[in-house]
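Taken one at a time, structure 1 and structure 2 that follow are two forms of one protein chain, written as structure tokens.
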Structure 1
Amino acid sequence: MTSTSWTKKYQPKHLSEIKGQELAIEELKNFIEKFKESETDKKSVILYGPPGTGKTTLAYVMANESNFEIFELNASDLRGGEKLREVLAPAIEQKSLTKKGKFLLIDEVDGISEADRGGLSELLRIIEFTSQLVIITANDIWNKKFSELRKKSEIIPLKEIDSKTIKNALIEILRKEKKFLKEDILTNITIKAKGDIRAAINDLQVASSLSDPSEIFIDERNKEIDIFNVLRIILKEKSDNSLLNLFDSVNKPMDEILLWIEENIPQDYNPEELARAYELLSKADIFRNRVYKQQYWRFLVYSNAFLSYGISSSKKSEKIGFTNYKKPTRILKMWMNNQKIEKKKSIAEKYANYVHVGKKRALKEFPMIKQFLLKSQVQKELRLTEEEINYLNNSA
């Protein structure tokens, strides 16, 4: 497998390599010129736009080309208060020490959450007393908490990258990598990216590493069997060995599948069959608990076998007709709530380990750090699982 990511390898080093943002580049140049000549009262500029369109890149490349150094502050630095001033003081008075001026970069300012007003007002104070240019990047700055910041700042939008530009960029990278992909794959990657050139480059790298590049387009959903089909197969059809692998292709955690089965057995089974099925269900449950308690994964196999083949073969004959299977309500709710708490705990723990704070504190400050955790780069860095990411995206 390749070791470096192509987005890093082909990160623009010069303004001319930043694609599709000519207007923003021009506007930023003009603003910096005005700032240098003291022709503007503003000391901050906000680069905002969709993910993966070059905001952070533009800040760095522009600094480099205009011979400035970047001094980056993140949301948690801003929260620092006193510490921040300490860090900033030399940066602000640096002018006399080295010839190079500095840009203060606040990358992804939308990471500062509602609960974190302190950081935002600190940022406004910095802008007030610094003599350096402050560059701020954001996906969205139209929240009213940013209204003061918007007033003080020059605002420069970065656009989604149009598909032709993306496609050309992909072709250029393939040429440099001496790799080849079919035209329709390139087109599909481009469409899927929806203006996010970083996403397109990442997909390109994955696709060109696959023996069948078209695999990256297989929609996850096509591979899944939905839970209603699973119930029908178990509760109605004749049992056979393929049942043992049935749950592999269901996009639901086993505990939830168990609840669905439990809820719906009575709809299809007569009392005698029901008794046998319930017995197996409780066995499956026991083995699942042993898996958790003893970490003995082999028990999962037994548990799944009871649930699939076992319950299926508890019926005397095949069932015909349509059953309107129901969603398990009460227990499922309890179970899902538990899952949520577990997710929150596991996310907080990863975060705590990463930034070296206590797990308890991370949990307490969860609403605050959540904004920051919504960033896909952060999620990658913390190695959040897909389920943890879903939890973040779906919790209010």
Structure 2
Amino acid sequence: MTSTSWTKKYQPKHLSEIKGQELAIEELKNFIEKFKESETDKKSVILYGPPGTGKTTLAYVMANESNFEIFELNASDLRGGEKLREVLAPAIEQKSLTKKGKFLLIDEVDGISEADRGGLSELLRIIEFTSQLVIITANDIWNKKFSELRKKSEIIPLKEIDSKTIKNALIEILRKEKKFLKEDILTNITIKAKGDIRAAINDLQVASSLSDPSEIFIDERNKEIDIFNVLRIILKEKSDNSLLNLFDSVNKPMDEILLWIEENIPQDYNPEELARAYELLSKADIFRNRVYKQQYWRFLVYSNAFLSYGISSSKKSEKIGFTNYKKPTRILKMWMNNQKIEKKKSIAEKYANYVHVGKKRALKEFPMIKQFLLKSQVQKELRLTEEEINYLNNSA
């Protein structure tokens, strides 16, 4: 294996070399132009997306092509406001000697927490008072602790790079290195990377160094993503075949994912798009029911396809801007109903133990004994909790 890392050797030097992020590049260009012309009151921009999608690379290449110097900090190294202030002060106060200006890059802002002695609040203060553009990168910026940071910043997503783009990049690297790998090995590397081009290039370098490249063992990247990111990918981004495996990385049952999508489609789609999306949603539900009722598990493929690629392709173009996705009201109602049932069960159990009858009988006779349970002395004898008493009073 060569000593030079291929990820470093073939790191993009120009915007034209960054593949699969054309929309993010255009959005960042537009924001920087507005910033230079004082046409925006925001002084920071957040580049967020999964690892290996090129967030930091984009920041450096954009700075280079804009003739700006870049001053980088890794947020995980700054465990307090005082340290952050100490390191950033010279960068903020001193102008660049050879460039048009200076960008401040805060890499991996996920490393800052509210408990880190003011690191996050200090970053917000710096954004407020600096005259320089602050570029921030993050894998996931939707944590509640970053709510103020999001308000002050332009938010630009970088998506997972599609498999075709990754595979083409790997082929180009092999051509430059004058090496060859079989098609099935390249496909395996591409699939297992799951949109992480950096990981794919690392695996490619390892495979090409082996006497028998087929012996390479590639551990599939386990990227669990939350439901909010899933919604953003399906409802906002361009449709492609990578969506078909999207739900593999979501730790939620398909029934619940369906409700989340049903609830939030209207927030991003116009009436025409909405009609098409709901038609495909109904088809996904039909196949889901066939899976459960007939145990035809192969139908799950069709349900997933309608729910992911189908609904995503219902939109005419990619959606720009932030949408505050909401928890499905049906889930909330089910949760509230389950809470009520649990209170009823716990009261019935206490009553059954007190009068020496079965719990099932107490539940069956609950409508008759409820008036009796409303008496404060009875509630005291049964040692009912405040929540259980509130349940009785509200359901009387």
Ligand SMILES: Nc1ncnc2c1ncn2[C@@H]1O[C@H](COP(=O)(O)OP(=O)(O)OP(=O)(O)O)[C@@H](O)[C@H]1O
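Only the largest set of C-alpha atoms that superpose within 1.5 Å between the two forms is called the rigid core. All residue numbers here follow the sequence of structure 1, with the first residue given the number 1. Bear in mind the structure is a predicted one, so any value in this text is a computation, not a measurement.
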Answer for which single form is the form predicted alone: 2
Core-superposed C-alpha of Q371 shifting 2 Å or more between structures 1 and 2: yes
C-alpha of F129 moved at least 2 Å between structures 1 and 2 on rigid core: no
After fitting the core, N202 CA displacement of 2 Å or more between structures 1 and 2: no
